[in-house]
Structures are given as structure tokens and as C-alpha cells.
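Given as C-alpha cells, the chain that follows is alone and in the form predicted on its own.
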Amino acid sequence: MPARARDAVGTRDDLLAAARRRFAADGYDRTTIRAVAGDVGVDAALVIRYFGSKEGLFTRAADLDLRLPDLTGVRAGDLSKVLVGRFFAVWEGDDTFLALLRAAATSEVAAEAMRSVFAAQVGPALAAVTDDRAPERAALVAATVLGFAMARYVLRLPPLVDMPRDQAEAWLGPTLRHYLLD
């Protein structure tokens, strides 16, 4: 393999991308620093130099921004459609989410990272549009979307994997609408 050009920023970015892929495919426990480094063609010591530890690498790789829209201007009847659409965009377009979801099942570090994402992003977004019991409503929305994502993308349950996105949205929408508005 030819020597890699010296580019600290590019190498860090490549390591984070490789780590996201590894954590998504293998989970937290089975991902090794050596494997991530090998994917990029660098020595494992460089991963330690940049990130300090496997936990440090995971923390940086699992930095997830859901990019939820401001829901305050969304009509009540459209909230679930907007949310489900956004969650699908995250589920299908961001390796970070899948890495975090897969790892959260076996790693307290990952589970805490997932809780932090929901507490910092989902909770406040939903609190802005619900009249009461925002924490409970946000937790129920989280349980629904995380359960669906786990079943479709990690467990790969055939009916959910094969289900077209518009059909999945039609099934999820009324449940989320109920949690948000009833």
C-alpha cells in the first residue's frame, strides 16, 4: 500500500468516517481501534493520538445532529408527517445514527449518547408544540421511532425492511400523532 499523504484534518475525517461504518456494522463492543485504523491505512497509535481511546473515538464519531426543523409553525395535523420524514432522512442518510443505535444496545457509553441526543434535540422540539406532559410525549415518540429503526435497520425484520417508506410513514404517523396531540 502506498504511503498516505500527511494531512491531519483529512486523516481525522477519514478515521471518523471509518469508525462510523465500523460502529454501525459491528457495534461498539466488536469494533476495534486496530480495525478502524486498518480501514484508513494508518497505525492504531494514530487513532489514540487523535481521539485518546476507543470511547473518545466513539464519542466523536457518534456526534449526531438530527437537524429537526422548528415545529412551532407546523400545523398540528402535519407534525407526525414532518417528524417521520425527518427521522427517515436520518435513518437512511446518516451512518452516525445507525452506529449509535446499534451500539446503544450493548454499550452504556452509546446508550448515554443516544439519551443525550433525545434530551437535547427531540425533547425541546416536541415541548415547543405540546400542551402538556412534554417529557412523557417525547419519550413515547422516542420509543416508537427507535423501536421501528431497530427493527428495520438492525434486526432487519422482513416486513419492515420490505415496507415502502410511504407505507411505513402511514403506519407510524397516527401513532406519533396520538402521542403528540391526544
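None of the values given here were measured: they were computed from a predicted structure. Quick note: we count residues from 1 along the sequence shown, nothing fancier.
One more form of this protein, predicted together with another copy of the chain, exists but is not displayed; see below.
- When contacts are judged by a 4.5 Å heavy atom cut-off, F148 counts as touching another copy of the chain in the predicted complex.
- By the criterion of a heavy atom within 4.5 Å, A45 is excluded from the residues contacting another copy of the chain in the predicted complex.
- At a distance threshold of 4.5 angstroms between non-hydrogen atoms, L71 is out of contact with another copy of the chain in the predicted complex.
- In the predicted complex, R49 stays away from another copy of the chain, with no heavy atom inside 4.5 Å.
- Note on the partner interface in the predicted complex: the residue among L64, V129, V154, I33 having a heavy atom within 4.5 angstroms of another copy of the chain is V154.
- With respect to another copy of the chain in the predicted complex, the three residues L16, A19 and V90 uniformly fall beyond 4.5 angstroms at the level of their nearest heavy atom.
- If you take 22-54 and check each residue for a heavy atom within 4.5 Å of another copy of the chain in the predicted complex, you get D26, Y28, D29, R30, in sequence order.
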